[in-house]
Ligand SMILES: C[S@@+](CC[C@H](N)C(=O)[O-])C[C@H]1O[C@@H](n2cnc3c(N)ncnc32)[C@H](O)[C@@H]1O
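Only one chain is given next, in structure tokens, and it is the form predicted alone.
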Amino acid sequence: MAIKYIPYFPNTLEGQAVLDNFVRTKRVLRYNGNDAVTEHIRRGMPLYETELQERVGKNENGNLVLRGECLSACAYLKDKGITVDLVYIDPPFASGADYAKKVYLRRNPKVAEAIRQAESELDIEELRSFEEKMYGDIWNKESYLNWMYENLMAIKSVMSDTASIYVHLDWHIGHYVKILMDEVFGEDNFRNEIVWHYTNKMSGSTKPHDFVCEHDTIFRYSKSENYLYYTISEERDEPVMQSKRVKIDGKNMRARDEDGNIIYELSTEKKIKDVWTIPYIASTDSQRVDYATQKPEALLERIIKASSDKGMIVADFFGGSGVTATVANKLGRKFIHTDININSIQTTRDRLLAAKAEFDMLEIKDGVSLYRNPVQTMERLKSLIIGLRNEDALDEFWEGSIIDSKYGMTPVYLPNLMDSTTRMLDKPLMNEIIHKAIPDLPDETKRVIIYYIDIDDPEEIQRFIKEHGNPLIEIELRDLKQVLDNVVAEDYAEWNIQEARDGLFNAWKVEIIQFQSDRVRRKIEEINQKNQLQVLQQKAKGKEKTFSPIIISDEGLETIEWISLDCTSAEKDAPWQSDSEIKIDKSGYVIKNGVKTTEYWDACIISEHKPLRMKIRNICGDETVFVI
């Protein structure tokens, strides 16, 4: 449970509308859940315990990489008295798309020479890669906008008085969020609608005669009228003669000589306006980190230069690939990166390490042991809840049902891990369940099961159920954390350790003999079965197709992405100190302590001092700590 709740503002709702003015008749678009949002904001942001996972460098500037949700991250910052000077967020677009990470088998060092001598099947991309779903950007408008409203309120509460916020969206939901931002920040504090125009991104159209979309939209607001802004310029393609401008009595005028003639000068730069033509990141770009929603560094450079000074704090609460933190560090700013997705945290951590940044990695202990990201955890949960099955007869509010000999079909509710507002079982949520969800159930329903992650006041909730619930339908409450404890499975490794020489110095060498990840193997089996079924279906249609399964060796070394040695502490749960680390890229080359090399991995990692612990990350992103 939360330690306490942190107020958003001293007088939380004073002068704030909470979506009550949004009513669209005819189109049936009313923002349900307004009462719940009001109650959540009045209660405050949930503050949870945090755990230091790793410190990179001395981190005297207090840079942070936080794994957790926007709401709980803002509660942490506010509790610590930390304010931010610039915010950029690239939240889900409510696009209805699934985003996946492409996962590559690495070269197995035991057969690396054979692979170099002959083109092994592991060198064929489609035979050594598969996809892992990172998150599903699937929302209804009501849920998304209520969720976004709370996030924007939380972000505003940690912004300094001179801070600005840039919110990056597209046509799916951007126009609605613009109205939300008018409510949260005030219409008078709207500064720009920036169009990011790109021409090199694959863009499709649902209909062949529609205009193809080649832009995203970024809304820029300030917190107050006293905000920081610098005019930024870019080089012209060709120099032009331009009239010189001067200010006379506060007006921008053309400069003239003594005879009244306009003075012209050669201009090699032009002021950047609100349409930014910046290429999307190409597949061959050196800054590419294979993250589905990665944005180009040039985009963030403009934002950070325009709205912050050196030494200021730049925050991104949907941090993704870590581009905001990386660029902020490069430009001499402090940074805060937050994301709930472990792949985001790992990608950002490795990226910042390569950039020689110093930072603390913290995990917000909100009671949810996410498998890797919310989507995969939800999928895993469905298999762990015994008897849970899909039920077409039920509304989308219910995850499915369990068939019971005594009660018959029992609908099951699971909180949506993408939506922080559903994690707390409180009276507003229970009111929605009792008065909106349960009345739509089939008449023969005798019982429902409600899973929760956190509960406001168990006794008060039970009293509320007794007073307002349907006496003919039993409501059973279950703690989801007991199921979540079984979600994460650790990997297995065997290794040898011995003293060795590293050039002129004594060192310690750890050789990995075997690495087994049940999670990776099961994922590959799932992919193979799916591909085999597709081939059979194609053959049934008379098409020639062959099935080539993804194969893992007995040693399993090709399922390792990253290894780190801690020579400082032998305590398994102590903050990690990476004294030596290697990362194997998808081509099999080794990145040593953030520095790229042209060497293939030889199944070993070397450290100057005797290692006490080893952490191994598999290609899907799971990390396991081994005491040496």
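What you see is a predicted model; the values in this text were computed from it and never measured. One rule holds for the numbers: they count along the sequence shown, beginning at 1.
The form predicted in complex with this ligand exists for this protein as well; it is not shown, and the discussion that follows is about that form.
Taking the partner from the other structure, this ligand in the predicted complex has a heavy atom within 4.5 Å of a heavy atom of Trp147. By the criterion of a heavy atom within 4.5 Å, Ser243 is excluded from the residues contacting this ligand in the predicted complex. In the predicted complex, this ligand lies farther than 4.5 Å from every heavy atom of Met45. Taking the partner from elsewhere, Glu558 is found to have every heavy atom lying beyond 4.5 Å of this ligand in the predicted complex. Figure note: of the listed segments 319-327, 525-533, 386-394, 550-558, the one touching this ligand in the predicted complex, with heavy atoms no more than 4.5 Å away, is 319-327. None of Asp350, Asp216, Asp90, Asp85 but one reaches within 4.5 angstroms of this ligand in the predicted complex through a heavy atom, and that residue is Asp90. Proximity to this ligand in the predicted complex, defined as a heavy atom within 4.5 Å, singles out one entry of Tyr104, Phe185, Tyr413, Tyr291, which is Tyr291.
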